[in-house]
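Next up: just one chain, as structure tokens, the form predicted on its own.
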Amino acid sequence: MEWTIQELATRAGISSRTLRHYDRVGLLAPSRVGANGYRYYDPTAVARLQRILIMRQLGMGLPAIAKVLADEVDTCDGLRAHIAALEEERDRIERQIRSVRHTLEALQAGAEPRMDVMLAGFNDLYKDEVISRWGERAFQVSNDWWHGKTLDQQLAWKQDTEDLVAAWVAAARAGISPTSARAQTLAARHVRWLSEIPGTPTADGKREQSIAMVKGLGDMYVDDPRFAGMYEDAAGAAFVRDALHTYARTQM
């Protein structure tokens, strides 16, 4: 079974121009091109497009997606990672639905909605992962801390985070070594950023757990599709990981 480029574009909800662009950048080539010049896509190509669209929805840029697909050894492992990410997104949306339903039902009953319930699911994207890695207390304390901030404070925190990421990207682009003074200064800044979040091992002053956390986050920036594009591309993420590993090994 094959689809023409127009059929595939329509079914995928994208434009044929986008599919041609994916071909030009080496991301998705048609399965074959007919004598009439028409592009045709078979199930293998459609499966690859499915993965591209998933990673785009997760916020990844095209260079990062290309790197993931090029470096991948086992397609099934990649699909499992996508399923896990999509399941987390589904769970988050379900929590949001429950919180909005709570607000609606409370208002209809003439009652005051609970403030904590109203925001459940909107800022706890990584709840399950935090609990699995560092325990229920770590999530609850950090979640309470976040929801206790005013909107301006939350925006300021997010801006600080974006500034940190931008500094990492600039350093990676400069081609410096992860062990350089500049990279290690950024790693120290990263650890200070973590220590400002109550409930984390770095905030609690637990040295061994803090080292494990910093190394684990560095690994996650490279291995997890959700974070692969955070630092622009796979090379940028690897730079951050290596710098954090060095810092954890030598300075913590």
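From 1 onward, residues are counted along the sequence shown. Given the structure is predicted, the values throughout are model-derived calculations rather than measurements.
The form predicted together with the DNA is left out here; the points below concern that form.
Taking the partner from the other structure, the DNA in the model of the complex has a heavy atom within 4.5 Å of a heavy atom of Arg39.
Interface membership of Leu62, defined by any non-hydrogen atom within 4.5 Å of the DNA in the model of the complex, is confirmed.
At the 4.5 Å threshold, heavy atoms of Gln6 reach the DNA in the model of the complex.
The DNA in the model of the complex comes within 4.5 Å of a heavy atom belonging to Arg56.
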